[in-house]
Structures are given as C-alpha cells and as structure tokens.
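Below, in structure tokens: the form predicted on its own, a single chain.
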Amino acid sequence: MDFGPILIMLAALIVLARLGSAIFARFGVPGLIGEIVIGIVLANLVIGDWSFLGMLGIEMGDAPSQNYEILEVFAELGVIFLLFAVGLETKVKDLLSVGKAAMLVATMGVIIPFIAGFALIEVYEGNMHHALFLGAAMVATSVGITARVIKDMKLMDTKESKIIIGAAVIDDILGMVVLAIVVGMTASGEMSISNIALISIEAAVFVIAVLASAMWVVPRIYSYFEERNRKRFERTGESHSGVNKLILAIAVCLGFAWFADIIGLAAIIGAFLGGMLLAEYAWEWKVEEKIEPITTFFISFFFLNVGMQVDLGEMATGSAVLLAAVVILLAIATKYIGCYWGAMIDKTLTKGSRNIIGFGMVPRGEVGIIVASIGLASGAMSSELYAVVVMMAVATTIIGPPLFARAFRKKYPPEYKLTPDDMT
C-alpha cells in the first residue's frame, strides 16, 4: 500500500470539507450542508478526461480504487461516531419524562411521512424497496439542528421546546426501528408478516435491553466501582481513576455497532444505543467533549462522500426535478401535519404552539442522508432516487429552521419575558 497518495487525499478532502462548512456556517446554514455541497462539486468537476477526484486517486463505481475504499471506511466510521454522540445526549429518564404529547407528536411525525413517501414511489415506479427507503428517509427529525435553533433563541425552557426535543429524540428511536425493519426486509428480499415481525422483535428486544441496562445495570456497575474507589482512598489515601473513559466509550461504540450489524440491523443503530447506555454519565466523565474531535474529523468524510454520490446528470431530466420537488413538499407538509395533529392531544397548547412544534420537526438533516446512503450502498435505492433524497434532506434542513424561528418569534417576540406557565 502506497501511503503517500492516501495521505494527500485525506488532507485535501478534510481541508475542503471544513472550508465548505465554515463558509455556509457564516450565512447561518448548517455546516454539514456546506460539506455535502463540496462533495457534489468535487464529484461533478469534470473537464474532458480530467476530474478532480481522479487527480486524488478516487475512482468510484463497480471497481473502486484503494483510495476510495479507504474514504468509505472513514465515512462509515464518521456516521457511527455521529450516532454514538447523539446517543450520548439521549438520557433514558428524559425520554420517559416528556409525556404523552411528545410521544404522540413523534409517532404521528413518523407514520404520516413514511406512508406518504412509500405511497409516492409505489405509484411513481412500483418498486417496493425504493418505496421503503424513501419512506424511512422521510421519517426522522434532526435533533441537533432543531436544538441549535432553540438554543440560539434562548428559549430552551419553553413548553414547546421541551416537547420538540423530547419528540425529536423519540422520533429518532422510532426512525432507527423503522430503518432496522427496512434494512432487514430489503436484505431478505421479501415482505412477509413473519419477516416483519421477526425484524421488529429483534429491534425491539435490542432497544429494550439497552434501555433496561441504562436504567438498572450501568448505575449498579458505576456505584460498585465508585464504592471500591472510595474504600481504596480511605485505606491508602490514593484515588484510582479506573478505566480510561474515552477508550471505554470507543469500545462501546464500535462493539455495539458490530453487534447490531451481526444480528442484521444497521451498525448506526447499535452505535446510537451504545451512546444511550453511557448517556447518564457522559457529562461527568467528559465523554462528549472527548469524543467530539473524533466525530468532527470522521464525519466530514461522511458528508463529503454523501455529496460525491450525487450525479447532477441524474437530475438533468424533467421527471427527476419534478420528483425532487414533490418529495421536498411532501417531506415538509407531512412532518408538519403529523406533528401538529400529535400536539393536539395537549389541550393547553395554542394554535401558535402547535405551529412551533410542527415546523420544529421539519429538518431531516443528517438522519435522512444516512438512510439514503445505506439504501444506495445496499443496492436498494437507485442513484436518481438517492440524489432526490439528498436534495430533500438538504432542502428541509435549510427551509425548516427559518419557518420554525418565525413561528417562535410570533409567539415569543424578543422583548417577551418567560412566565412559569410558558415553562411547564
């Protein structure tokens, strides 16, 4: 293996990715969009027989080059660490305390977009696998993007914010289960009740086992080692820090991702659940801040690779442009309607509050893109539909936050002071 070209490729790509991220962030657009756009530009920067990717030794297609295979490994690690980091911010007790409103908002926000996406592709081309993956890509909300908007507006303590964050977390878990079912069904090549039931049971058992472990097993292990360390200190006057927390976190992340892959689920599901397992102690152990540089480095290759899969030639036809426009409109409308209806269970929420919740759940961000990349890699999604899904994820990520912020400002203008009723 010649390391020189590999090192040059990685250095060039990480610099370009971070540059794109910084430029887009300056205009208030999530940096991940900039990294995806850079990937699209690089992949389509072709002049005659010359291409930018070819200059870096990156050859894609049926016979990928060694450089591209290494880039794919980095990209896969990126998405695994990203979902692990999301899991670290998802405490089980927070999930259990958000109430019926957040649960129904999340459930309706999953069912309606999935049905709409599935039905659209079934009518458009009659391909069940394509329909399943589009439905799955339209399901999950980007917790990070929505939370960032709320935090910037300094309205984290409002009732609407608590419902949105709680619903987005539950939404992600439901999305992971949907993805697990879709991946399992496309891998087996059949859509039978028994097959769906088996995959659903596997996913449910995995999730329940992790939640139960996070609530009862991990705290006992933590208490055991804390007590052991206390006795050691009393006996010797020395405190023993125990296992390196960063190494433990990485081992849990990769181990759970491997286990999920072994039982037929997506590796990112295992990484997400592994993060949830440690979420209660992530802040105390400073795991989040230690894992962040690793995630930041690897995830840039994932978003670059996402953009590199988009062939603008696939979007040159009128039918592809029309399909993309319909999918984007459906993604916005169905998520808004589903979450708005779900919020109606709480009679104390006004129409303005339901608008806030509906628009707050619109951004798909990295989650929809992850689903699309899995579908493309498994051969269950065409390159045209993949490009459409990426455009949908990018569009909802750009369009959602301004709509959400506008709805929030309508109810909570800048001079508005929060009252106890707003925060319950």
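The structure presented is a predicted model; accordingly, all values stated were derived computationally and were not measured. Heads up: residue numbers just count along the shown sequence, starting at 1.
The protein also exists as the form predicted together with another copy of the chain; that form is not presented, and the subsequent description refers to it.
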Seminar exercise, completed: Partner contact check in the model of the complex: of 347 to 355, 77 to 85, 128 to 136, 210 to 218, the stretch with a heavy atom within 4.5 Å of another copy of the chain is 77 to 85
For this session: Could you spot which one of Ile201, Val123, Ile247, Leu329 gets a heavy atom to within 4.5 Å of another copy of the chain in the model of the complex?
Result: Ile247
Exercise. Between the options Phe118, Phe206, Tyr336, Phe298, which residue brings a heavy atom to within 4.5 Å of another copy of the chain in the model of the complex?
Worked result: Phe298
Exercise. Does each of Asp2, Leu7 and Leu254 have at least one heavy atom within 4.5 Å of another copy of the chain in the model of the complex?
Worked result: yes
Problem set entry | Residue contact check: Ile294 to another copy of the chain in the model of the complex, 4.5 Å heavy atom | yes
Exercise. Using 4.5 Å between non-hydrogen atoms, is Glu89 touching another copy of the chain in the model of the complex?
Worked result: no
Problem set entry | is_contact(Glu280, another copy of the chain) in the model of the complex, heavy atom dist at most 4.5 Å | no
Exercise. How about Glu72: is it within 4.5 Å of another copy of the chain in the model of the complex, going by heavy atoms?
Worked result: yes
Problem set entry | Distance trend in the model of the complex - C-alpha atoms of Asp62 and Ser373, change of 3 Å or more | closer
